[in-house]
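Have a look below at one chain only, the form predicted alone, in C-alpha cells format.
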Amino acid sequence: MDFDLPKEVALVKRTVRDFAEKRIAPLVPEMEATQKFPVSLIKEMGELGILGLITPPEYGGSGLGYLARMVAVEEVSRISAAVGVSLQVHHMGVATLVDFASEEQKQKYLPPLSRGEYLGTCAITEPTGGSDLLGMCSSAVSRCDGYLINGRKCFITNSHLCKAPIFVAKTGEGPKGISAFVVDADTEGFAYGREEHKMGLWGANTGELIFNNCRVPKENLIGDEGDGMKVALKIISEVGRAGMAATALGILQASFEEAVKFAKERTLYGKPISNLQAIQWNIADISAQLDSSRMLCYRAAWLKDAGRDCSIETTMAKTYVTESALQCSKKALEIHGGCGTMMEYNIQRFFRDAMVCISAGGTSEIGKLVISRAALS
C-alpha cells in the first residue's frame, strides 16, 4: 500500500495551499464582516484550474480527478470553509453535467464553469426538506415546447452566483417521477429569492431559487425524463458528501494548527499551557481524529477515481469527519479559554463553520442510516 499522494495531486495540494494563503486569507475579514462571497475570486479560481479539476480537458478542465479535488477543497477550507463549501458545490454541478448531460449541454455549460464565469450548483432541497426527495413539491409539466416549472428551492449554496443552476422537479409519481434540468438564469419565470444568513460559513452564498411558470426547453432536460432520482442520489452520495468531508477536513486541520500554536504561546503559572496534561490530551485527541479523518477522505476519493462504488465510503467520511471537525474545533476553542470566544480569534469561526457542515449534504442521522444498512446487509 502506498500512502503518498500521486505527484500531480501533491502538486495540486501545494499550489492550492499557496493560493489560499496568499489570495483567500486576505479576503476572510471582509467575508466575515459582510457575509458576501468575493466574486472576483471566482475568476481567479478558474485561472488556477481548481474549478475544472474533474472536468475533462475537451471541455476546458484538467480532468485530474476526485483525489485532486479532495485535496483542493481541503486546502481552501483550511483558510476559509466558506470558499471551500462554495467550491465543492460548484463541483457537484460540474459532476452532474459530466456524468449525465448531453454532448450539447456539456459543450454549452462546462467551459464557462471551468473558466470561472460563474459558480455551479445543484438545487435539490425544498422547504419540505432535503432528505425526502419524493416529498418535493416542485413540478415540471411537459408541454409541446418544453416544460412548465413551478416550485421553490431553498438553502442552495451558490444560488445567486450561478447563471445556470441544475435542479430536480416532479414529472410524475414515485422514484421514476423525478427529472433533472438545467435552467439559464435569464429564462422567463425564473428568479433568485432571498439570501440566507447562517451561523457560520459567512461568505458562502446560500439562498432560494424560484420557478414561477418558468418555461424550460426540452433540450435542457438532463438525461431522460425520470432520471432525476438517480442523478440526485449519485451526485449527493458520491460528490456532495465527499466534498463536505473535504470541507470539514480543512476545518479540522486549521483547528489543530490553532490549538497547537495557542498552547505553545499561552503561558500560565510561568509555563506554556502545552506543559499541562489536560491540554496535551486534547491535542492528542485532535491529532488522532485529524489523521483518521484524512484517511477516510482520501480513501473515498481514491475509490471514486478508480471507478469503484464509493457511496458508503463517502458517507462514512462525511459523517465521521464533519462530527470530528465539530468536536475538535470545540476542544481547540476550549484550549483557547476565554480568548476562544473573542471574534478576533479564528477558532470561533472554525467552530461555527463546523456546526453548519453537520447538516449539509445529508445529516449525520441520515449518514448513520446509510452506513448501518450497508453493514447489516
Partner chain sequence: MAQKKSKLHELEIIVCIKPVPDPRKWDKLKLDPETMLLNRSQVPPVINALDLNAIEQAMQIKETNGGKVTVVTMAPPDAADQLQEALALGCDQAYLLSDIAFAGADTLATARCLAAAIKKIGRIDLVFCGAYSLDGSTSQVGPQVAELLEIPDLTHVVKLQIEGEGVKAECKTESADVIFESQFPALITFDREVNQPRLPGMVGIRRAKDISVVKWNAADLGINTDQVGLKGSPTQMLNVFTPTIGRKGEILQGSALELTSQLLSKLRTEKLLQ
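Every value quoted in this text rests on a predicted model; they were computed, and no experiment measured them. Residue numbers count along the first chain shown, from 1.
Just so you know, the form predicted in complex with the partner chain exists too; it's not on screen, but the next bit is about it.
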| item | value |
| --- | --- |
| is_contact(D18, the partner chain) in the predicted complex, heavy atom dist at most 4.5 Å | yes |
| Contact flag, N346 vs the partner chain in the predicted complex, heavy atom cut 4.5 Å | no |
| Any non-hydrogen atom of I366 within 4.5 angstroms of the partner chain in the predicted complex | no |
| In the predicted complex, S62 touching the partner chain (heavy atom, 4.5 Å) | yes |
| Whether L11, R14 and G49 all lie within 4.5 angstroms of the partner chain in the predicted complex by heavy atom | yes |
| Partner-contacting position among L67, L53, C328, A317 - heavy atom within 4.5 Å of the partner chain in the predicted complex | L53 |
| Stretch in contact in the predicted complex with the partner chain, which is absent here, among 318-326, 33-41, 336-344, 53-61 (heavy atoms within 4.5 Å) | 53-61 |
